[in-house]
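A lone chain, given as structure tokens: the form predicted on its own.
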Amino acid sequence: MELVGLASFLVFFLTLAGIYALVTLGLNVQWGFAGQFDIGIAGFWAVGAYTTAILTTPPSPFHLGGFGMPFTVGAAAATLLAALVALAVGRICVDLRTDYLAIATIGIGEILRLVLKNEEWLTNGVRGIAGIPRPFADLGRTGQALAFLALVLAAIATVHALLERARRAPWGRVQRAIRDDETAVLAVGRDVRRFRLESFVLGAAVMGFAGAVHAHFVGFISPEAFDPLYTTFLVWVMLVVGGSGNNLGAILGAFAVWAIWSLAQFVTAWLPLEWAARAGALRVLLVGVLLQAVLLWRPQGLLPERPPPPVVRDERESR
């Protein structure tokens, strides 16, 4: 029985860490590729989760929904709506730089979260949306968990492959050039604003898709699930620890930090009763210490950014 329980926990851990890996890949597009300091991760994640929840849940008198659509439709709509929201936000904020962009995005992220919290006709407010269907329900409890894990891993592999292709393409080279020296990119006639907007929207779309996967995995969402501590803060730590600018590093950082976060939960469970109420703060402290250690001893992350292979041109083309 203990072995079965351990296996179940491992599947649960890998699935949730994989969802965080998807969000971290989205942030890597924005920050690692283009140097955009997005602190509104929670907002795009929530938009994706609530979109699929509304589209796929059965009828309810407490919130908008009852469409009963399949997971694929909900996930696609979540990705599209998160991208559209990012497009609207980006048109306003994409010209901002570093800390100014951070202030703007965290404000917009909180606005989105509070709208979802207070518009009860749409989201059932603080009571949240329950009954979100989980794919592969006909496979039984164990088969469903394994199939969903396979779905998450396949999604990570697909998103990673697409983003790696984008990173190696001319589009990715321009993004890194904008990140490193925007003035030089402007000097050669590139539309910097358009490229910055594209990376912002693409990263938000990946976050929205991850939100949809998270909603179907948990089966219930509420505004508290998108607290910036458990979304924005953790995702940034994952990217910094794994290696900003490296897609594989983003995935590794997500699994490594989530492993430490989960291990801290077991450690705090052994604390005296008078410390039990402070267990959450101790977990945040532990992750903060990890972040400081990485910044001091390996600021480039576990897997530093690798330059793409040089472009080899045919001699006949250069003549």
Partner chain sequence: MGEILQLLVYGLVTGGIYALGAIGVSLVFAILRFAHFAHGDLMTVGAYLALFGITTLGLPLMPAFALGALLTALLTVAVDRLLYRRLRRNGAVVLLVSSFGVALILRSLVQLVWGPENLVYGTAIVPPWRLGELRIRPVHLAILVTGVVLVTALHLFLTRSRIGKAMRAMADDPDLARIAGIPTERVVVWTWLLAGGLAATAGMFLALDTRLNPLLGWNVLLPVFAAALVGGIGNVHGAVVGGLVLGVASELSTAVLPAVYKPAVAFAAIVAVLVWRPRGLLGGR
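Numbering follows the first chain given and starts at 1. As the structure is a computational prediction, the values presented were derived from the model and not from experiment.
Keep in mind that the form predicted together with the partner chain is missing from the display, and what follows is about it.
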Quick one: in the model of the complex, does every one of 97, 232 and 291 get a heavy atom within 4.5 Å of the partner chain?
yes
For the partner chain in the model of the complex, the stretch among 183-191, 150-158, 111-119, 212-220 with residues bearing a heavy atom within 4.5 Å is 111-119
Which pick from 64, 263, 69, 285 sits with a heavy atom within 4.5 Å of the partner chain in the model of the complex?
285
Name the single residue among 103, 248, 126, 73 that comes within 4.5 Å of the partner chain in the model of the complex, judging by heavy atoms.
103
So in the model of the complex, does residue 295 come within 4.5 Å of the partner chain, heavy atom to heavy atom?
yes
Using a 4.5 angstroms cut-off on non-hydrogen atoms, would residue 164 count as touching the partner chain in the model of the complex?
no
Would you check, heavy atoms only and a 4.5 Å threshold, whether residue 143 touches the partner chain in the model of the complex?
no
4.5 Å heavy atom contact, residue 195 to the partner chain in the model of the complex:
no
Which residues from 15-44 come close to the partner chain in the model of the complex, meaning a heavy atom within 4.5 Å?
31, 37, 39
